[in-house]
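Below you'll find only one chain, the form predicted on its own, shown as structure tokens.
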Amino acid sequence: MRINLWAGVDAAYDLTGALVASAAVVWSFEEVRVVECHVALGATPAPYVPGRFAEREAAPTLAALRAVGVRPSVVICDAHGRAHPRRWGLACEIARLTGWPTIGCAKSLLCGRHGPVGPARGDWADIELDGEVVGRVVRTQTNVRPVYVSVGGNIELDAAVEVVLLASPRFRLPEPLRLAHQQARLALTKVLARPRVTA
């Protein structure tokens, strides 16, 4: 699968969960560099409810993506796609809202089961839920904890796994996702560090 540009999106919250910073980083695979980086800051739009993550994070994530001036080949979300109890994680919602190919790449398993995964980079196993394959657990680095990959929309699962592996040459997380995480945390830290003006 030929890829020119991919985006990573992630969000960070303050300790109270009231403030959210969502970052979108567009990374050039061919040039090995960041092409764009945008952060949306604001009040968290919804409380945390297990299994309904999209309601909390879709709006700020979309705000960061709307600032992107180029169309990415794919968007990698720090979230689940079809590997979700309702088969509709944040990555699915972002695909619906943008029309772009979208992948969920999560750090932990939300639902379903999978068999053993070998220790080598590229090893994987299907994630099954109610007899249906909804994603794959993928080892992106040898002897490092795997990630959980599922389709958000407009891409096949085989291609999604390929993208995640290509985007993870050195670290557990895909590079644009890792950078988006850093930028979201940095933006939030800067905001919280500003002195408050009192009357």
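Just so we're clear, the structure is a prediction, and the values are computed from it rather than from any experiment. When you see a residue number, it is the position in the sequence shown, counting from 1.
Separately, the form predicted in complex with the DNA exists; it is not shown, and the next lines address it.
Residue-level contacts in the predicted complex: of L129, L97, A125, L109, one residue has a heavy atom within 4.5 Å of the DNA, and it is L109.
Judged against the DNA in the predicted complex with a 4.5 angstroms heavy atom cut-off, the residues D10, Y13 and R185 are in contact without exception. Only one segment in the set 131 to 139, 157 to 165, 29 to 37, 54 to 62 has any non-hydrogen atom within 4.5 angstroms of the DNA in the predicted complex, and it is 54 to 62.
Among residues of the shown chain, I103 is not one whose heavy atoms approach the DNA to within 4.5 Å in the predicted complex. At least one heavy atom of H181 is located within 4.5 Å of the DNA in the predicted complex. In the predicted complex, the DNA sits within 4.5 Å of a heavy atom of P50. Remark: I76 does not count among the residues lining the DNA in the predicted complex, judged by a heavy atom distance of 4.5 Å or less. Contact residues in stretch 77 to 97 (any heavy atom within 4.5 Å of the DNA, taken in the predicted complex) are D78, A79, H80, H84, G89, L90.
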